[in-house]
Each structure stands twice: as structure tokens, then as C-alpha cells.
Ligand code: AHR
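The chain that follows stands alone, in the form predicted alone, written as C-alpha cells.
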Amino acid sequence: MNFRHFALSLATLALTVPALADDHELTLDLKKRGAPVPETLYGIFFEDINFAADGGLYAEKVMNRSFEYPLDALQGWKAFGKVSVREDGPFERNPHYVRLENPGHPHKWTGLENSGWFGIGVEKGAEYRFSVWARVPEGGSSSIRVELVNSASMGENHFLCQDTVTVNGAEWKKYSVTITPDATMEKSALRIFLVSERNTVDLEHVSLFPVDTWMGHENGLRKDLAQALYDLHPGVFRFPGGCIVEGTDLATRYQWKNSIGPVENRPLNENRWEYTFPHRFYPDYYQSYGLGFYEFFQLSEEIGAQPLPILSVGLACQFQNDESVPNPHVPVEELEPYIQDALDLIEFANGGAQTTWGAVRAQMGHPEPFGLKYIGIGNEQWDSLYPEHLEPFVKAIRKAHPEIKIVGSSGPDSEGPQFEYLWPEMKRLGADLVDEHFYRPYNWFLSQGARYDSYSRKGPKVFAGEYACHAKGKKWNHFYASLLEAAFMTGIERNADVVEMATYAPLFAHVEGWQWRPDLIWYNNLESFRTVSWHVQQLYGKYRGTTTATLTMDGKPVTGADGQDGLFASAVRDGDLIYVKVVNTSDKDTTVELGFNGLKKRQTVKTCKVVRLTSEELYVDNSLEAPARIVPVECELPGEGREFTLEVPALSFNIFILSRN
């Protein structure tokens, strides 16, 4: 990676400033105290798209572990010998299981093989916990051999590791064994043989997890991906979507009550993204609900973010349900079960262990409340249908839980008729925040530096809930798009009294299973990389500050407006520290003359360091092969004075860290 012009010239050090474009005078007001910066200002949004849950953040390695895929109970499995599927199993909401029987010949074998999602990634020397619910239906004992295999091996055998599980008795029990592969492999498979006496054995909920999950949870998360979330310093965590909240139809909407309780009894759900894009089609894309609301709340707590669950408002996805689909939505007068779901969720999150749903949370291992403060109702709905459906939710939640902030929506557009209609409706209904979504091209981001400067300070607050720069003809992750996101975020920061939350979207994508891009974090079965957009988000989260500070050019906010030569800027304070963010979206190097209002007669400001993100290649990003191709670089910046001349290279995002004496 070549970084352009990283030297900075300080006027107070009497250094020579190279010949650059015209200087720009910025003034930072240190006298006037700014607005508090919400702790929730920068956060993350999770939706199960691009194999973000099963096959991604959720560390389970086995696809269709409970044999519940609807068209084929053995989808994801290869069966051999004498295998049958039964449906009178021990778990009410997952009734299917498999029966392995003697193949009828001493030189034949019965068993199963599963390759997970795009293969099963395993690492040499790492421990993996295999578990299964099993029984011997006729009583007595039987055994299965469990192997991780490389079926393309040129060695004497396929297996990377193996162990035997002995099953005893006719009652269903959970069995587990830890296996350790002797090689690293991105695309191994799990193979199960019926062995020993070859007595019939029944298997249900066949599972394989790395022992070393995030925070060591048994039903855990993939450690590198969860770490990438923690490292963002997120203030809010929105989940579980997104369009999956709505479902293509209401029967397949995300239902939070199905995602809690014992993991082996959480029912399978059809993923709305399974069939949405026939040009990138994944007919085996379902939701196991193994990563459910309990795990979402738990993760929020562990990464230090406020949880923001989103629930169905009784409207199926309006993009997929036009006039040709009869009766896709719940009539307003039949919304009571949906409203009760919202009230029950608040009790699940915040209720005491003696309450109905608080007791469920406590039984799952978290007796203390999660401290829920926000709830979102609906996703990208529009027309009069949305406020009509939202209104009874607002009334019920306000009555039962006035302490909870309600997030409404301005629909799928960043402007236009629906946007203009829904904002006043959200005000009328008394929503605390309005969720705005904008996947937009270069010019939109370049034109929106002052978007929130004119918003009403009387509320509701803004939640920029889904956004990313989508370049026409270049709809993939690349540096220039990330730079424009950084520029846009100066306007979010400057208006922290209006914008309470902002989350980039989507969050995750598997390199072999994506349907939508750009995305924040990419991965295969073993490795992951953080995009330039991730680094932009991380820098804003790390240098969030506690109060805003007024930063102007010729008395005006620095928003990329005419005459500002592609500069965007904002500033925040954190005690004695000052973080000045300057984004140069032009292709010309420039300097800024930074002066201060409000300094006492002998008072000075120290420069500490600059953090810079830039690239000479505009349309590339990090990758699995080069995960650190474009990353921020820090440089010490010693100096002291009452004004500074700072270099701002072309096409760069800069954070100048100053200290007031």
C-alpha cells in the first residue's frame, strides 16, 4: 500500500509548506459547548443475508442438523447404507430424526456425511465439539464413529480425526465428544458411520462447534467475526433485520419466540433471501434460529452496544406483495398477537426472573435483565398501511412501557413522496426515532453533507439505519465508496443532536454465498477481512467524543458545498482532547489553516497525532489475500500553538487529534 503525501506541516514549527492547492481556513469554536454525542451514534446492523448467521457468525458447522429442511429432510446430507427419516422425535418443533440400521451385509456401511455451508472449515490442533441426541430404539447399546474427513486426500485414509460415541438405552439423551483434526482444511466434511454391533441407532440434532467460540459459549459465535464487531466500538446493535423481519409472507416472517429456548427445539424458518435473487440463488438457505434473540441480546451486552430489536408490524414485505397477491397483510383489527409479541419481548429483555418471559431468559442463563431501551416496529413499509398498523403498537407500548423508545420508519427511500409522507406521520404518532435507509451512488453522498443541518431539533430523532455507497457500475467494496461514506458521516457527527444512531448495512457476507454487496465484513470458512468501510466505521466509533464542537469554513459548516473544494469536516471534544475529522474527496492535495475561537490570552493547543486513511487505488479494497491492503496509518504530530497549517492529501480521510492546554 502506498500512502500519498503523509508529511504534515505545522505553521507553529515554521516548516515549509509544499506548493499545494489554495489554503482553506477552518475555525474551531472552543468557547461554545456543543451538543452531547450519543453513545449510540455509531453502531451495527445485523441481517441474515449473505449467509450472515448459519454459515457465518453462528459457529455451527452442520447444515440441516435437525433434518427439517421442508422439501428434503436430508438436504445437506449424503446418506449411505440403510438410512431412513422419521418424524416422531423428542422435540415438538423439530420432529424429524434419522434411523441408521444394519446395511445387511458385513462389507457394507450405513451412515451420513455433511459438508456444512460451502464445506466445513477446520484448523489443525483446534478442538471441535461434536454432539448429538441419540437412542437405541430397541434398547441395549450401539456405536457411531465420527470423523472429519478430506475425501480428496491422496493419503492412506480420508480422516483428519475420528472418535467413537457409544449410545446406551432406548431413551433420548445428548452425547458429545471432542475431536481435533491433524490438518487445517477449508472444505472438510463430517462423516458418521454406524459401527460396533451395528445395532439400530436414532440420531437427532447433529451438531459440530469449535470449542473456542466467542466468549466460550457452547451455542456460540465464530470468534473472528464477533471480534470484528467488538473492535468497531459499537453503541447500538440492530437485529435481526431488515427484510427478514417482514418475510416474503407473514408465515415466514422472523418470529422471536421461535428463536429462544433450548436450541434443539427451535424450529427452522424459511429465509426471505433464499429465493429473492434468482441470478444468485441458494435453495438451501434457511434459518436454524440457533442464533436467536437471546444470543443477540447477549452479544449486545458483550460488545457494549444497546440492543435494538426490530419486530413485524403485521405487514409482509411490500416489495414482494403487490396487488397480485391476495391478502398478504394482517388487518389492523387482528394485530393483537403481534402487539403482544412486542410487549412480551420487552418482558423477556427487562422483566424480573419471576415474570413469565423474564423466567425464560433466566432459565437460558441470564437472570439479570438485559436493559432494553429501544424497540423498532416495522422495517421498510410505506403508504398509509404502515402508520395505520404502527399506531396500535405505539399506544400499547406507551401504556405498558413508557420508558421504551419506539423506532418508526420513513420507508425505503431517502427522499421523495413516501419519505415526505411518512416523516410527518411518525411525528403524529409520537415515534422517538425515525429509521432512514439510503443505498445511494457517489453523487448522492457528495451532495448530502448538510443533510441533517436543517432537520428539526424538536424531534423525532434520526436513526440512519441502513446506508452504504452503491456505485453505479462499481457495486462492490472499494476505497472511493468508503471515502464518500466517511465524508457523509461528518454530517452525522456534526448533527449529533438530531441523529441518535447510524448503522452501515449489510454487515456480513460469505465470499461464496453473497447476494448483496458492498458489505462491511467478508469471510470464507476459516478467514475474514475487514473492508475499508469497516475501518471508516471503526475510526468514527473510536474517536466518537462526548460533545460536538463547531467547525466552520468562512462561517459555514464544511459540507462539500460549492467553493469548499470537496472538503467535508466535523469536530468533537472528549475532555481535553479534540478530534478534527477532515475528508478530502477531491483529487488535489490541499492544506487547511486551523484556527480557534475561545482560547484565553496565553492558552495554546497541542497537536498529538493524525490518523489517515488513503489509497492510490480508488476501486480496490482489502481481501482475504490482502486483508491489510488499505488500513489507517497513525503519525505523531508534535507541535503547540494557536493555529496550525495541516496538510490534507487528495482523496483522504484524516483525524487530527489535538489537546487543549
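When you see a residue number, it is the position in the sequence shown, counting from 1. Predicted, not measured: the structure shown is a model, and the values here were computed from it.
One more form of this protein, predicted in complex with the named molecule, exists but is not displayed; see below.
Novice: Among 101-109, 578-586, 240-248, 364-372, which stretch sits within 4.5 Å of the named molecule in the predicted complex, heavy atoms only?
Specialist: The contacting stretch is 240-248.
Novice: May I ask you to state whether E47 is within 4.5 Å of the named molecule in the predicted complex, using heavy atom distances?
Specialist: Close contact exists here: in the predicted complex, E47 approaches the named molecule to within 4.5 Å, heavy atoms only.
Novice: Residue-level question: is H437 within 4.5 Å of the named molecule in the predicted complex, judged on heavy atoms?
Specialist: Residue-level check for H437: yes, a contact with the named molecule.
Novice: Considering only heavy atoms, tell me if W117 and the named molecule come within 4.5 Å of each other in the predicted complex.
Specialist: No, no contact at 4.5 Å.
Novice: Determine whether any heavy atom of W273 comes within 4.5 Å of a heavy atom of the named molecule in the predicted complex, and answer yes or no.
Specialist: W273: contacts the named molecule in the predicted complex.
Novice: Could you check which residue among E500, E295, E380, E147 gets a heavy atom within 4.5 Å of the named molecule in the predicted complex?
Specialist: Here the answer is residue option E380.
Novice: Check each of Y421, Y442, F80, W516 and return the one that places a heavy atom within 4.5 angstroms of the named molecule in the predicted complex.
Specialist: Contact with the named molecule in the predicted complex is made by W516 alone.
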